[in-house]
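Just one chain is shown here, as structure tokens, and it is the form predicted alone.
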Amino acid sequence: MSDNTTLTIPALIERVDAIFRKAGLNEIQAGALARVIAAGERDACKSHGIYRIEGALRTVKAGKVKPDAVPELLLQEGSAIVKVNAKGGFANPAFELALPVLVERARSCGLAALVINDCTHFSALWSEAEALAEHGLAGLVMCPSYATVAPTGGNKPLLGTNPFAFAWPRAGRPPYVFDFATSVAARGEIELHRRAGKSLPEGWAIDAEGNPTTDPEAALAGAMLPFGGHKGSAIGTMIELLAGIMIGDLTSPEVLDYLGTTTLAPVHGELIIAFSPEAFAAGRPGNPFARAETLFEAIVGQGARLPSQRRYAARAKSEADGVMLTDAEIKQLERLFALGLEAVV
């Protein structure tokens, strides 16, 4: 007897959407969250799949996100800056609302920026970067988090994990996409190690006294480390400046002060920048997309792997065969649906 259950992607979206709606989220909020969670499971990104449902419900129960929020688009004629106020809801529905306008402005101006304010961040950024690439645009996406990362040379949490994503469109194939935390690992990865009773690799974290640790519990009580030492620390700081201070929203230390805990989804802003490769390359020799393919072919020709290739392979399998969930994961979904906000503390 199999311990696994296979669901189609639409069926998984429907299940997750039902959990959120029963917990009090409106159609706008529940639908956007369900789609991004299902995308995480579809692409075998377990740390950004159904694992994230409890955190979202916990944040709703704590009153730190508005489950009935309706995002508001704020437009200025002729401006390359598009703004949307998430109205205290999750970032995902705000992004979905503003995407068509961002695409139109990027095509007409050559580049455009989307500022999302007053939102609760949820899940990975690659889905938003990919959405731009699907419209033939290159894109950068970034946001702060809450203070869980010590700057290089420091010994206390100050920066966020501050994720950073990039996408480049490719004709007839999935885009070139990378998405990574500016910490050595995403906080969700440390939590998954804790749940599995596994030690962390060396160099991921320090404990509350600033000493190196491989214990997930000690790491969660201490601080994570930036990737690449001072380089990751500088990029993390850049994101605090651009996607926090510059857009008039919270920095990671301010987020932690507001929430008082790292068990809730972080509340802050987000910055998305879209570029039209044709506009930037206009008047210069060569097609930018063809030239990019030459570069990609050279990378692969050396035996290297382009980022997201494993994720795309998992996606193709899921689209063909469905998403496989363990018996424990199915029971978790059933419990969350049955209990709603009472399922979390």
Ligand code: PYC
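From 1 onward, residues are counted along the sequence shown. What you are looking at is a predicted structure, and each value in this text was computed from that prediction instead of being measured.
There is also a form predicted in complex with this ligand; it is not shown, and the following applies to it.
Only one of the listed residues (Arg42, Arg58, Arg52, Arg35) places a non-hydrogen atom within 4.5 angstroms of this ligand in the predicted bound form, and that residue is Arg52. The stretch that touches this ligand in the predicted bound form, counting heavy atoms within 4.5 Å, is 187 to 195, out of 187 to 195, 68 to 76, 210 to 218, 93 to 101. Interface residue remark: Pro266 is counted as part of the site for this ligand in the predicted bound form, having a heavy atom within 4.5 Å. By the 4.5 Å heavy atom rule, the three marked residues Arg107, Trp168 and Ser276 all fail to count as contacting this ligand in the predicted bound form.
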